[in-house]
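One chain is shown next in structure tokens, namely the form predicted on its own.
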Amino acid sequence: MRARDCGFEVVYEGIRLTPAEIVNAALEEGVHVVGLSILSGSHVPLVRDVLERMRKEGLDDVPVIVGGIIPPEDETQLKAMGVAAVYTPKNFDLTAIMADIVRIAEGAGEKAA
């Protein structure tokens, strides 16, 4: 809800989507940012798969943000793969998170222009 309050159009596709379904939804909706919430502990292989599929579909300019229970070493690995931001339970200031996502989306828009 907080994202909608900030002016974002939020497209929620549900839980337990495959990486292919996530990328397909991003293509169909023409998104500016893809947000993944992963609590299963499988964030590294899942995010890698999503990023690879996005690149193959020409969505490599769309930032991906990830949230969940993510250890610092995995956060480093995710960012090295191309993830724009990682949010964990220590990131509880929703206003700061929304401002960060706006910054990320604006930065991606400037690169595309």
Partner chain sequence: MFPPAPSLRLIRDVITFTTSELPKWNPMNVCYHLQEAGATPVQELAYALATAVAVLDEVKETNPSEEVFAQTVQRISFFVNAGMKFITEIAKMRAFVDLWDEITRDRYGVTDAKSRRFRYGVQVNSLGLTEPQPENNVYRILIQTLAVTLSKDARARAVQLPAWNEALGLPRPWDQQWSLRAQQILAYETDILEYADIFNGSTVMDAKVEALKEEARAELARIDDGRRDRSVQAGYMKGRLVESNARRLAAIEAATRSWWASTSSRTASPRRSRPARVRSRPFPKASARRRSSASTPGRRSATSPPSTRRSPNSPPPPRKTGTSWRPRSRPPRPAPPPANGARHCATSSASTAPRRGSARRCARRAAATPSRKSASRSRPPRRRSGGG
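Positions refer to the first chain, counted from 1. Since the structure is predicted, the reported quantities are computational estimates derived from the model, not experimental observations.
Unshown form predicted in complex with its partner chain; subsequent notes refer to it.
- In the model of the complex, its partner chain stays beyond 4.5 Å of every heavy atom belonging to Arg55.
- Using a 4.5 angstroms limit between non-hydrogen atoms, Ala108 is distant from its partner chain in the model of the complex.
- In the model of the complex, its partner chain lies within 4.5 Å of some heavy atom of Ser37.
- Interface residue remark: Glu28 is not counted as part of the site for its partner chain in the model of the complex, having no heavy atom within 4.5 Å.
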